[in-house]
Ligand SMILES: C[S@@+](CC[C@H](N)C(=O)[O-])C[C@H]1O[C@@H](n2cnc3c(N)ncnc32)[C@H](O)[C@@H]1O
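Presented as structure tokens, the chain that follows is alone, the form predicted alone.
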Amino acid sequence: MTLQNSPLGNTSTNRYGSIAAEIYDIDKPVGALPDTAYYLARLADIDGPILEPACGSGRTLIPLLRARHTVAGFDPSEEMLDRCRAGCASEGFAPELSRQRFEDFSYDRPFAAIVLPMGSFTLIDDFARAMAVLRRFHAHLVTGGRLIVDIASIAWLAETGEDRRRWTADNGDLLTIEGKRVATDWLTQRAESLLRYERWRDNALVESQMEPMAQRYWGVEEFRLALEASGFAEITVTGGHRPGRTPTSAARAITFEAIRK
């Protein structure tokens, strides 16, 4: 994925390299975030295989396997997939995991459900490409199959503060991130950030990686219309992973559920 005429230039975005993947595992442990319980409850009645696009290191995929679902996942980051494979193997699971992209992923059979946890869909930073991906989701579901996808509130577009955090790795290394918003386009609802990941050992910098990020944010009614235009029906919207709760302007996570006609 490249950015044209932007502060980031023609450079790979949303890559999730080795340090980013390691931090992701520390910051978002398997099953620890509150959205996982929501997905498990909403998918409890699914009788058939589940697909998780952009499965990352397995924070949602592994709990679904623990719940005895058949799950496949893909991700464009080999570093994230390596961590997902290791996490699955440590619990005796061997799901189908592959390196694929949103734009052209393909499977030879349909799924009973597709689930995209918080943040994944925003990584498709172009409207036309996002619409094509929704149609691809539709094509990969059985009739009556369920799509569950989180979108981040469009309020994230207004965020301008810098992101500075740190973690301690298992081996004692200090892992840090410094992120800065470099562009905000309100017309296309798109934001670009530049993240610097660093590894420190014995007070010395031993590794540094730059990670350009680009995300597109959606309005609630806009996304509902996008789902309808992609062939989905019976669309419901939930705020904050709390069943029955209508999203408010304060909601950071908004969950859509829809059924393939």
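Heads up: residue numbers just count along the shown sequence, starting at 1. In this text, all values refer to a predicted model and were calculated from it rather than measured experimentally.
One more form of this protein, predicted together with the ligand, exists but is not displayed; see below.
- Listed stretches are 62-70, 201-209, 223-231, 48-56; the contact stretch with the ligand in the predicted bound form is 48-56, by a heavy atom cutoff of 4.5 Å.
- For the three marked residues, 24, 117 and 120, a heavy atom of each sits within 4.5 Å of the ligand in the predicted bound form.
- Screening 126, 103, 173, 185 for any heavy atom within 4.5 Å of the ligand in the predicted bound form leaves a single hit, 103.
- When contacts are judged by a 4.5 Å heavy atom cut-off, residue 113 does not count as touching the ligand in the predicted bound form.
- Put simply, residue 95 is far from the ligand in the predicted bound form: not one heavy atom of it is within 4.5 Å.
- In the predicted bound form, the ligand sits beyond 4.5 Å of every heavy atom of residue 151.
- Mapping the unseen interface onto this chain, residue 12 falls outside it, with no heavy atom inside 4.5 Å of the ligand in the predicted bound form.
- Along 71-104, these residues reach a heavy atom to within 4.5 Å of the ligand in the predicted bound form: 74, 75, 76, 77, 80, 100, 101, 102, 103.
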